[in-house]
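First, one chain by itself in structure tokens, the form predicted on its own.
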């Protein structure tokens, strides 16, 4: 088995190759010779193909990191932000912002989305706090029901005010609308993800539980608050920009942890790189499967995620180093 460092270097090469493939894949045929030899080739890359590729990479990496953090602090391998109500809370916040302040800029929607995502996450934690620790599968089950209720409420409000088509943008993740000037908020998510790496050791200690973390001298409440706020910001920015993409935060951390363990300091870069690569591969497939039309990347990754998750459940666990 390759070490995390070697796996990261191999992953970088693969993601770089996928990035080049992504830049030359789209509705308009574009080859490297056309890009550098014909008028408008470089402009197309600068205004559309490159921003889209960067948006996909950041989204995949940050959703995977957010999922890894949620799994560690909740001490449950079957949860991720999109299945415990955080993503649905963010979408509900965008809907409320659009309803209260029509024509609100992206920043205002992002603020509303962050607040409602954070509130939805805290409510979920309050609900599952009294669950017996011997029944870990109850947490994701309640998360699915809870997220479904939030989504149903959002759909009801949208139906009442003739905004059904509007909310499809947020519940079906896709990157076809990403252009230069319409994805830059995702760089904030990238910065927040990098900040999470700085407190990776504290997050790992918090994952041992409140009693153990406090006995080791950790300010448990502060670390948990920072982690939940960071996850809410990452998810909100993702939903505002490209919509909800399920399974990324569930699948990727499980793949990495089964091979390399639960040391966040050691595995978080690999989690981010794996998430970026898998979402980029799904986005390329979404562009090719019905070319020149596109399938939402959330649909492609949802199908792949379901298959991989079943394999994960039934595969023999490996011993991590």
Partner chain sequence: MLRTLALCLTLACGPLAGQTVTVDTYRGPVEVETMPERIAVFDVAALDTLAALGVTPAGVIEPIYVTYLGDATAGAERVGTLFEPDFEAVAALGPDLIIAGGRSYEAVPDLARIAPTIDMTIWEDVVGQGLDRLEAYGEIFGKQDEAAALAVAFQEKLAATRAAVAGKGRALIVMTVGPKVSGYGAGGRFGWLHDALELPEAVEAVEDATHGEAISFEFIRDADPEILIVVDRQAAIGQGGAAAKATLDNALVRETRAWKTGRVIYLDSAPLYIAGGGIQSMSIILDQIAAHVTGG
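Treat the numbers as computed from the prediction; the structure is a model and nothing was measured. Numbering follows the first chain given and starts at 1.
If you look for the form predicted together with the partner chain, you will not find it shown, but the lines that follow are about it.
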State yes or no: in the predicted bound form, is some non-hydrogen atom of residue 155 no more than 4.5 angstroms from a non-hydrogen atom of the partner chain? no
Does the partner chain get within 4.5 angstroms of any non-hydrogen atom of residue 102 in the predicted bound form? yes
Is residue 254 close enough to touch the partner chain in the predicted bound form, meaning at least one heavy atom pair within 4.5 Å? no
Contact between residue 163 and the partner chain in the predicted bound form at 4.5 Å, heavy atoms? yes
Within 4.5 Å of the partner chain in the predicted bound form, counting heavy atoms only, one of 59-67, 45-53, 269-277, 256-264 shows up; tell me which. 45-53
Only hit among 229, 179, 145, 123 for heavy atom within 4.5 Å of the partner chain in the predicted bound form is 179
Do all of 27, 170 and 242 end up near the partner chain in the predicted bound form, with near meaning a heavy atom within 4.5 Å? yes
